[in-house]
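The chain below stands alone, shown as structure tokens; this is the form predicted on its own.
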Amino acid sequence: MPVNLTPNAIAAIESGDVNAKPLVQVLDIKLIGSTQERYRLLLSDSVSTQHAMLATQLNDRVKSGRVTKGSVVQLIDYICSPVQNRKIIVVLNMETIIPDCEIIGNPKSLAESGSAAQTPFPNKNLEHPTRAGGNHFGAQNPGKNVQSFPPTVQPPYQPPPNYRNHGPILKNDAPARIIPIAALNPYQGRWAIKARVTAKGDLRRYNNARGDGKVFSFDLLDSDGGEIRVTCFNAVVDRFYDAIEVSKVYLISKGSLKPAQKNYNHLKNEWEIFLETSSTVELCPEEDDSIPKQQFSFRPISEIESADNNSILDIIGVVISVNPSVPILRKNGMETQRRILNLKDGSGRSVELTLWGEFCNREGQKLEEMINSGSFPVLAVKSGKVNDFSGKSIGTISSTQLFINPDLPEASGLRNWFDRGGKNAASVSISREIMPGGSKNEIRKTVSQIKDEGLGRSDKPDWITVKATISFIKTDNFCYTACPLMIGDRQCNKKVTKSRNTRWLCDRCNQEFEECDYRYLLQAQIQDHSGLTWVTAFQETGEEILGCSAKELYLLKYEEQDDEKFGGIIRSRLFSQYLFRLKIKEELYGDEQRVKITVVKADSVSYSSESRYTLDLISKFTK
């Protein structure tokens, strides 16, 4: 049965119409885009055809089969944009009227059909639709064997005025029309978007062949669900860094669009906005409730098992354990903080979440206090990074956001599940091999397993926990004299020597000073029932073991020369039992490869926790 499409719809859209909501037919669908899936459609009004780009939020319409070749659809939100000297219709929202239909008319491209000369949307003989039962539209003239599917009635389309022979055209200073983020492309001239800031990155400084510079980025979300990242460099940073606030709504225009760098930009948009000195950013004083505060796409923890390494995703779960924050030395020599916690959800799985840097002291400290008080908060993670080392885990990155007990339907459902039995429901960790009842997030080994299993000989270090006793501590060279000067936000800590005038000299800083610092370089022998090994403890862990600073012990031995008191401190630590958190890595010494074992944490043994660990271990092997 024939179907009436909206006459001259293609010509009208190309002429600037955005309100008519016409009926058109999909003649072809093609998947394009290497970094992001985009669908290109060929639309027809039965006479003319035109290519259209489907907004990414509508991709599921094609994937689910709701829109196929032959479908008759009604365009709800759309815009026509110039792309490489030709026009493309960007479809932001549409409804499927007939899922499958024969090709209507004999459509040709707009240039071939000559429809540019036709009058778009004739005003005469418009038939008003009436519902004819079910989901069908009935034509007013039942005598004709034609089923009509006119769109929602709109005021007659008014073509743009003709400016020919009206003299010179002055520069258009009118404000740019606000368009959805999904409609942005690099070939547009004037545009403006209204969006909420959902995330703001730190101000970063860099140095390259062009010299020093600074940069920061922020993410935007509009009322249509479109997201895009905005980046500012150097002088533009000075203009906008203090003005941008998370959760505020802004009107932004006059920026350039460039391909998004997917190594750093995880948003579902193939473009990124770069603001310039001519760009404008205006705060919208009134709150716009049509723009959501944040947009999540939560994945169950069970699905993380099959997620690609380094992929970015959102998860939500109940926090069931939080580790203390520990210092970690990065490859660039900078020290940072790391904190590990565990999340579980109703999928029967739990996952390890690693917090880095300031996350440890902000949200991490608050979560630890909540866990210690007996509550189990719900945590939503926006933009966590998947790591597949020793199982699957999630880590924070600079653009990650953490929301504790968020006001979300998913959080309420998770809380009800946990309180009604989910707390005691069995869950399998998809991260490291964790033994219930032991210290949180530990991989327990014996001393002999370090050698027997060849730990530390892979590309990455091994991290294990050993319960062992200190059997010997070297007392010569137990510490070294260190540089106290600050380099940036961290202490130099390089070894210093006495100069000729008895002042301390640092070769790295090339400076002299009256007093130096003293840092532990403690070598000790630890043993358990399976064997013994040598370990090295640096500053913080040396203080945990000996209970005093390196400077105090140095002055006691070399300045006061109180050997009895010095020896008493050392002997008091012998045959004391600790839970040692060890980092094991093979390193090159001269021409020889040696396995280095470093103590990153030394905790006194909690016998109640150890008892639970032992009982769980027994129950595991008796099942």
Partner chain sequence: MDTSNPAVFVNAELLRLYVGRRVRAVIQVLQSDGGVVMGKSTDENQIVVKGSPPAPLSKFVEIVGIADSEKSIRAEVWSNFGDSFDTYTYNQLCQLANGEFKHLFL
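Nothing here was measured: the structure is a model prediction, and the numbers come from that model. Positions refer to the first chain, counted from 1.
Another form exists, predicted in complex with its partner chain; not displayed. Remarks below refer to it.
Proximity to its partner chain in the predicted complex, defined as a heavy atom within 4.5 Å, holds among Asn493, Ser427, Ser253, Ser383 only for Ser427. When its partner chain is considered in the predicted complex, Ser608 lines it closely, a heavy atom lying within 4.5 Å. Shown here without its partner chain, the chain has no residue in 491-510 lying with a heavy atom within 4.5 Å of that partner in the predicted complex.
The pair Glu369 and Glu610 separates in the predicted complex: their C-alpha atoms are at least 3 Å more distant from each other than in the form depicted. Cα-Cα spacing of Gly364 to Ser611 is enlarged in the predicted complex versus the present form (difference of at least 3 Å).
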